[in-house]
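First, one chain by itself: the form predicted on its own, in structure tokens.
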Amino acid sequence: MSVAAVELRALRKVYRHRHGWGRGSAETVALESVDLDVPPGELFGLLGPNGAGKTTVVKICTTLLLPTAGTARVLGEDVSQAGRQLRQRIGFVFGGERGLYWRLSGYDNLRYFGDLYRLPPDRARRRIDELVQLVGLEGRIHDRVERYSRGMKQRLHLARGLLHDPELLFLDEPTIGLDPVGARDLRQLVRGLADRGTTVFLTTHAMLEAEAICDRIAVVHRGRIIAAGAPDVVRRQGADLGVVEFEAVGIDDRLVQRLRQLPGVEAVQVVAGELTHRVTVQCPDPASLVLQLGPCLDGALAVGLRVREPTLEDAYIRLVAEPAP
């Protein structure tokens, strides 16, 4: 039987903060009790809102943090005991622009990190050439990184994380800040890595990203896993509901609260735009809800009203809208 790529059992992480001399301390629970299994060869997505515990899970799995309680085994190794050996077998790529030397060329960045990974010079050169083609930086690899677009920097991050040919690659919100085209291209690269046999552990709060490329996903909320399975399985958790969407002008917190109190309403999401708010309401009887909207909105203008079937994003909203167990 093959060893699990990631195996978490009752994983708990608590941060303790001191308020100053004589003022005591406080605790922040980042992970309450996380159980998770990721088999080798899978592209796994960990979803959750900001502050849910996604990055904490990744930092523990990559030996950057020690758990407060519970166990975390990665590629069969206990992360609390085998940090040095494990770091030689895993890669870690984070979103954003930090972690690169901007005044060096992309090629010199990769050569430097190859030295840190203790790759023999000949092997490093061959590997860099392979990765430059893989991530599509052939024409710009000798330019300074400070001249790269955000998407090009993220491609270079990905190449850096793959230099030592890791068995398991952790990606912590890799498409954050990218434009839609750059995000799509990076997703295709990541999916291609998984298809070639690399196990990928991805964190994201982008439902499109998870649904497009992940084999399985889990949703973490307030430090606990509240749903797990194939994207279709998680999406079906919202299948018994309909969705009413509309654009609203003049809506405020008071009206949103009134929407949430309507009979049958399970979840309400409001996304602010430049001139309007997009309102998404989940309920078992959309036709009845539509009839109640006029009096409930109390003069606020609603346009573009439509009723549709639930998506993975809707199931996610429903899950995180409920209190964590």
Partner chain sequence: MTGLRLFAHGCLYQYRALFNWATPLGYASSKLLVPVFQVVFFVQLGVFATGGGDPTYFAIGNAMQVTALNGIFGVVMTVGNERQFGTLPLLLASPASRLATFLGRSAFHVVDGIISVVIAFAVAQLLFGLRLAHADLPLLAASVVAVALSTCGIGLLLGSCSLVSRDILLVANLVYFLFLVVAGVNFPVTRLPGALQVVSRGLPMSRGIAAARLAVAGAPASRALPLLGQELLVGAAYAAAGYLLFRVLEGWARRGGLQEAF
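Residue numbers count along the first chain shown, from 1. Just so you know, these numbers come straight off a predicted model, no measurement behind them. Rigid core (definition): largest C-alpha set, two forms, superposition within 1.5 Å.
Just so it is clear, the following notes concern the form predicted in complex with its partner chain, a form of the same protein that is not shown.
Among residues of the shown chain, Leu116 is one whose heavy atoms approach its partner chain to within 4.5 Å in the predicted complex.
In the predicted complex, its partner chain lies farther than 4.5 Å from every heavy atom of Val234.
In the predicted complex, at least one heavy atom of Thr63 sits within 4.5 Å of its partner chain. Looking at Asp240, you'd find every heavy atom of it more than 4.5 angstroms from its partner chain in the predicted complex. Exactly one of the stretches 292 to 300, 54 to 62, 28 to 36, 262 to 270 approaches its partner chain in the predicted complex with heavy atoms within 4.5 Å, and it is 54 to 62.
Residue Arg160 is the only one of His221, Arg160, Lys153, Arg187 with a heavy atom lying within 4.5 Å of its partner chain in the predicted complex. Residue in contact with its partner chain in the predicted complex (any heavy atom within 4.5 Å), chosen from Arg111, His205, Arg140, Arg127: Arg111. Once both forms are overlaid on the rigid core, the distance between the two CA positions of Ala230 between the shown form and the other one is under 2 angstroms. Once the cores line up, the CA of Arg254 ends up less than 2 angstroms apart between the shown form and the other one. Annotation: Cα of Arg103 displaced by at least 2 Å between the shown form and the other one, core superposition.
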